[in-house]
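Heads up, the chain below is alone and in the form predicted on its own; it's given as structure tokens.
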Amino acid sequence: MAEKKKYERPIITKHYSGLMNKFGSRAAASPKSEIDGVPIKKLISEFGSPLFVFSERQIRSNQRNALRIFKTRYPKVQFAWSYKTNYLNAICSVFHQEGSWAEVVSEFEYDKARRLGVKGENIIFNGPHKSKEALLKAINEKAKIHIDHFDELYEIIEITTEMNLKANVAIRVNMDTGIYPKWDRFGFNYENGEAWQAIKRILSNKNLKLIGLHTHIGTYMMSADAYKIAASKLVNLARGIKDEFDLLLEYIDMGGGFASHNTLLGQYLPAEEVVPSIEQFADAISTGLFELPLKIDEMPLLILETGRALIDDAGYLLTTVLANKRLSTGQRAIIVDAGVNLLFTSFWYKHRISPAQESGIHVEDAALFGPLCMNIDCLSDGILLPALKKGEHLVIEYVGAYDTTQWMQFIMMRPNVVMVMEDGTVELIRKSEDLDYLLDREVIPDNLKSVK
């Protein structure tokens, strides 16, 4: 007897003709079957699904390209890898091999950088919370401590006075750059004179050495001009320090925030058509810095804490179709084995998602759901995909930033993470979790150990 075919009730779908119509450009259903020459099916067969994959080649290329672009515009440049963006050891090590320092925002990240062999003097310690123990450690190891608020400043003064130590410090400055809402919860304000007050209090203390100024004006910045405004304001502070105290700063740290080519939800055009290029960011920052009336050899080092723009396109999430169904609206629903617990950035990005195999040229509007028993577990609420069968695979691109730091063990455990090396080999860089890993940190009181 012939196998009974599945029935699906008929639905109406839009037909796309030509390059553009009122619904947008025609969707491309081209499969992405490999990463740096390694077949997707081979990766999943060996390491399981879901699976995070990183490209060593792309990371190195991104970092080298960014350094080249800035160095052609400003002679003294130093990148510091933003640990919060992705602090997997293998990822950080690639950036450190490329010459990046470490930029950390917690004691945990500080210790991680030290274990990877980064010298204290090559660590920038940011963030609003630094314990007394963390501050003492950073002071002793000559780290560059970026002071966030007056309470932190006073604690550093107490520590250095009690221990007779000298601390290398900078201040974080927040300011109006024409981007709203302003990031004014971090650091000292420029416009109301708070930053200048902090500078004077530091310079009046013999145990503190002011070595730099720092700002971080926002995240996923869509305006290069804002960086020119920020650089100009830091230059004005540096000029005041030189004029009043005859002190040349070692560096100006412009932070990060450069947008990657991930498209934001609600953004009509794709990101690569609307976000500034690295060249535009570099032009804006260097133009502002060159307002300093100094000889070239006296100009401060420019530090950049670029994160997502250097890693987003080097990360992929491979996932497998678990089931297909129709929602009450008639929209196709595709359930896959990767959820928002792994892809936290799906709450603000329209990730590029492609089938990993030939699946036909006809596409229809679909909702992509993860495996979690939660209604919010939706990776995309409107994506044009071909008909996909149970067991077929999808590739989610631009997942290098924040997903493996903000992911969580919730209902499903976190999967393997691998790196495709420059020579084409594949290395496991984080093992998948199992029940023993989960239970290792739990303690059961004696009177709860027996279950009837």
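Each residue number is its position in the shown sequence, starting from 1. Values in this document were obtained by computation on a predicted structure and should not be read as measured data.
This next part talks about the form predicted together with a small molecule, which is not shown.
J.: Determine which one of 254-262, 129-137, 355-363, 326-334 lies within 4.5 Å of the small molecule in the predicted bound form, judging by heavy atom distances; exactly one does.
T.: That would be 254-262.
J.: Identify which of 315, 307, 187, 370 has a heavy atom within 4.5 Å of the small molecule in the predicted bound form; exactly one of them does.
T.: Result of the distance check: 307.
J.: Please pick, from 341, 168, 223, 85, the one residue with any non-hydrogen atom lying within 4.5 angstroms of the small molecule in the predicted bound form.
T.: So the residue touching the small molecule in the predicted bound form, by this definition, is 85.
J.: Flag residue 150 as yes or no: does it have a non-hydrogen atom within 4.5 angstroms of any non-hydrogen atom of the small molecule in the predicted bound form?
T.: The answer is no: residue 150 has no heavy atom within 4.5 Å of the small molecule.
J.: Tell me, yes or no, whether residue 402 is in contact with the small molecule in the predicted bound form, where a contact means a heavy atom of each within 4.5 Å.
T.: It does: once the small molecule is placed as it appears in the predicted bound form, residue 402 has a heavy atom within 4.5 Å of it.
J.: Answer yes if any heavy atom of residue 219 is within 4.5 Å of a heavy atom of the small molecule in the predicted bound form; otherwise answer no.
T.: Residue 219 belongs to the contact set for the small molecule.
J.: With a cut-off of 4.5 Å between heavy atoms, is residue 183 one of the residues that contacts the small molecule in the predicted bound form?
T.: Answer yes; at least one heavy atom of residue 183 falls within 4.5 Å of the small molecule in the predicted bound form.
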